[in-house]
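Take a look at this single chain, the form predicted alone, given in structure tokens.
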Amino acid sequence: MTPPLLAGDVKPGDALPRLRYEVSATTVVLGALASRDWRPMHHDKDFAVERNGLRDIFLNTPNQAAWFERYVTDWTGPHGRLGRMTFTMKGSIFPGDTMEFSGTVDGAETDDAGCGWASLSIELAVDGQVKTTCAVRVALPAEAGDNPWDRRGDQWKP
């Protein structure tokens, strides 16, 4: 078993491993269903194309959020705990697109409660064009045996 990623293991400038994923219509529709988003532009191609003038159905906001969460927690492992995440969508993601996630550590610190933190900048691109940017603050174990998921009350300050 791989030991958990610790806050002391990361430093500004570190690159996260890239993640590539080919989007299918199923990816788009299942994401919309999981978030109970019944708007037709996320499951009805005729509506998306003929009524909205788009090329196809496209990923909704909660689906993109879930992909960012997956990307971050694939890197941190099971002890990583999201504190904050904000993102800005600049373009749509359609079936047939290949999403490519890349990220960089902007900062690493341990707060006064002893919780380790990493600040990340992440981009989601398709064919080299950035579609969404994301800023994340994620808690990491400060030392072996620490687990941010065990923190409550004053010990958890996202």
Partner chain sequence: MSGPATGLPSEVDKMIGIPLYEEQGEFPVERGYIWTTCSSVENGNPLYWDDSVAEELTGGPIAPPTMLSVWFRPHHWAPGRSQPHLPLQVHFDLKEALGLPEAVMTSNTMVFHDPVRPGDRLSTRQVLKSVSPEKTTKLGTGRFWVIDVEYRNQSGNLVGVESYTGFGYRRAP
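In this text the structure is predicted, and so the values were computed from the model without any measurement. Positions refer to the first chain, counted from 1.
Same protein, other form: the form predicted together with the partner chain, not shown, and the subject of what follows.
Novice: Counting only non-hydrogen atoms, which stretch in 46-54, 124-132, 107-115, 33-41 is within 4.5 Å of the partner chain in the model of the complex?
Specialist: Single hit among the candidates: 33-41.
Novice: So, residue 150 and the partner chain: in the model of the complex, are they within 4.5 Å at any heavy atom pair?
Specialist: Yes.
Novice: Residue 69 versus the partner chain, in the model of the complex: is there a non-hydrogen atom within 4.5 Å?
Specialist: Yes, residue 69 is a contact residue.
Novice: Is there a heavy atom of residue 158 lying 4.5 Å or less from a heavy atom of the partner chain in the model of the complex?
Specialist: Yes, residue 158 is a contact residue.
Novice: Flag residue 62 as yes or no: does it have a non-hydrogen atom within 4.5 angstroms of any non-hydrogen atom of the partner chain in the model of the complex?
Specialist: Residue 62: contacts the partner chain in the model of the complex.
Novice: Scan 65-101 and note down the residues that get a heavy atom within 4.5 Å of the partner chain in the model of the complex; none is a fine answer too.
Specialist: Contacts from 65-101: 65, 66, 67, 69, 70, 73, 78, 79, 81, 82, 83, 84, 85, 86, 87.
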